[in-house]
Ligand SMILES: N[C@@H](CCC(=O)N[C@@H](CS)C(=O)NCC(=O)O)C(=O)O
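Here you get one chain, nothing else, as structure tokens; it is the form predicted alone.
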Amino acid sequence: MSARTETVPEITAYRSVPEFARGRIKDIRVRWALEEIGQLYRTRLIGGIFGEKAPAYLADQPFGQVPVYKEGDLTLFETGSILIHIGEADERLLPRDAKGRGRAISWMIAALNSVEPMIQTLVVLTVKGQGTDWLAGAIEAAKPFAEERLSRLSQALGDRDWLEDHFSIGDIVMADVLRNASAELLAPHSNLTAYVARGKDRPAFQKAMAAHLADCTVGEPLPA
């Protein structure tokens, strides 16, 4: 692929990720965006999800998460801000017209603020609540909120391939958010299931996922 900028961007990723979380870390979203526009990037691997982060890293990412994005003297954290920056330089991800740009950003923020928290709550409850006597009740209480958001999203998407006329950063985040929803949760909405499948079928997503999976097992010992 050809580089979009003279300075090759750097993103951080974990070198060790528990099996249940592999393929679910948010560096995938930034990798996906870069692959969509043919932008070379390099990866700087840091410890694991649960390890302590060095003070220098916390200066770049106050919450110790990944990815941190560096390009020349620019340092960004939070995938939303990183994707807007990447999209600003390439209309394949962020339209140049004010309406298209605004709608793409609105959908990205909707994915992060309106949809992901509902789905992520169910994911966290399922992971943390295994073997407890409160899990079923907690799921029952939280599930209707996720169902309502997915129902509204399904209505908004309708029969379109993407959230707007063209694929954008909004679709990168929304499709990745929906990948974390259970098949049961998506089942009532065939258009959302097909939407996620279209996202996963994109060559750029597949390259991003392969690179993520290769990096997140670097810290594992070699088999005997």
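Heads up: residue numbers just count along the shown sequence, starting at 1. No experiment lies behind these values; they were computed from the predicted model shown.
Just so it is clear, the following notes concern the form predicted in complex with this ligand, a form of the same protein that is not shown.
None of the heavy atoms of residue 147 is located within 4.5 Å of this ligand in the predicted complex.
This ligand in the predicted complex comes within 4.5 Å of a heavy atom belonging to residue 24. In the predicted complex, at least one heavy atom of residue 78 sits within 4.5 Å of a heavy atom of this ligand.
Though the partner is left out of this view, residue 65 does reach within 4.5 Å of this ligand in the predicted complex, counting heavy atoms only. Checked against this ligand in the predicted complex, the residues 194, 40, 49, 185 give one hit for a heavy atom within 4.5 Å, which is 49. Exactly one listed residue, out of 179, 53, 166, 44, brings a non-hydrogen atom to within 4.5 Å of this ligand in the predicted complex: 53. The stretch that touches this ligand in the predicted complex, counting heavy atoms within 4.5 Å, is 57-65, out of 31-39, 157-165, 57-65, 185-193. Residues of 168-199 placing a heavy atom within 4.5 Å of this ligand in the predicted complex: none.
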